[in-house]
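Next up is one chain by itself, shown in structure tokens, the form predicted on its own.
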Amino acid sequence: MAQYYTTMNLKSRFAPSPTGYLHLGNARTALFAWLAARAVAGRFVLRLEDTDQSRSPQIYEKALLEDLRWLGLNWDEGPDIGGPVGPYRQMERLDIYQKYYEALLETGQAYPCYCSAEDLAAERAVQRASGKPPRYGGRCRHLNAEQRSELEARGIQPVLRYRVPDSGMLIVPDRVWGERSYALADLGDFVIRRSDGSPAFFFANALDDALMGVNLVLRGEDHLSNTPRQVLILQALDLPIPEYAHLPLLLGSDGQPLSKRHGAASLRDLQLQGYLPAAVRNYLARLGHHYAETDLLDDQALAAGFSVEKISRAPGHFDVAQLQHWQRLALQALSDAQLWEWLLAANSSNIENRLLEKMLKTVSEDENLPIQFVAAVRANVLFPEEAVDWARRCFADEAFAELEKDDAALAALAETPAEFWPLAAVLLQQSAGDYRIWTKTLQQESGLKGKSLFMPLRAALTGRSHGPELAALLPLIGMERAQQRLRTAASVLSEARN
């Protein structure tokens, strides 16, 4: 008799279909399953459900493995590393499935169905018109051997259906939703093998879980209706039944299914935007799961604080602002050297902008320059493109006129007397670039102070009205570029006024 596992010696899995890039909802499911296993020193399995060969090109399998590794997940068994209960690709397990198909046929719990797609569509239309839920009516249930032979002689390739009992209730425990009851009469006989011989999801998914020793299945709540069918299959084959925990769906901040309009639809999107894996892990782990800690957690702490009982039944809402909060915390946790390495890696393939590479070439002359730059700008950087922008403002040989300027910076410059700029350039030269001496002297000579002094200087030197401390930026900009920008600020504004 099949039995439900406890969570002792827990073994969880992630079983995606490699038909596209890893969606954020599936990435969260993978993370939850991984955390559940790591929380109790259990095992985590990666299995590929690749039976839809037309939609499973090799590129997606490769991307799936890459994206999971980027997220920071590892697995104890999987298609790339093997394991004791492999293979871990469903298309390599067809012989295994055949054995169990034959067992169901021998006991009469499965039968071939020759109904065409048109027949089934017409049957569903009639059922809907009469207000009934669409389900297979069982017209092939009672075909005898002669009738089946005649149909096959006509070249009809049958599917294989599981014979669901006509009456009774099935109770299925769920670690998130509690016990759920299903009337068997509402299920209808369902397909377990397609006409081309490939296994249907209901069958292969359930069988693989049982044969691989998976005892906790975490998956989206859209699979709730699949669970009774899979439990019936496992009961019929006298195989172990895992515990199920169905996760509420992941929605956008507007309550609609997550998509590109919310800023990202896949894990790869976030990677390309420059998010750190630690930020994504910390954010996804809290989408529909409660942690008491509000600080950035390492993997050990994330696993220790994870529990299926802490999963909410309410949908998780993806919020870019919250993700950026975790990005900021993850960046703060990096040392200056680690942040510099991240910036180099993120920009190594950017053919339009080689400023960070230019900085790297100067390391032989000043090995401290990269770290000085990172230390100066890190509080104002969330993504690599922002660091590149500050690198341009510090190191590019661009005149003030060529700098991109925001409106507040232009306004600050417009309110500053024209004679201020030559004075600022001369005093910068006299102070030998010492920021404290320069600004103190400039305040005394110009009569300007506070925002009226520092805002125009920042605007002229960087084109921005806010950003890193000028004292840290000035040595990076350098004396020559700084003087040139100060001298031309007034003339540029004069031309703009005219």
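Counting begins at 1, following the sequence as shown. Because the structure is predicted, anything quoted here is derived from the model rather than measured.
In what follows, reference is made to the form predicted in complex with ligand GLU, a form of this protein that is not presented.
Taking the partner from elsewhere, Phe201 is found to have a heavy atom lying within 4.5 Å of ligand GLU in the predicted bound form. Under a 4.5 angstroms non-hydrogen atom cutoff, ligand GLU in the predicted bound form has Asn205 among its neighbouring residues.
The shortest heavy atom separation between Asp67 and ligand GLU in the predicted bound form exceeds 4.5 Å. Taking the partner from elsewhere, Arg163 is found to have every heavy atom lying beyond 4.5 Å of ligand GLU in the predicted bound form. Of the candidate stretches 384 to 392, 146 to 154, 218 to 226, 132 to 140, only 218 to 226 contains residues with a heavy atom within 4.5 Å of ligand GLU in the predicted bound form.
This chain is displayed alone, yet in the predicted bound form one of Ile477, Leu486, Leu10, Ala15 has a heavy atom within 4.5 Å of ligand GLU; that residue is Ala15.
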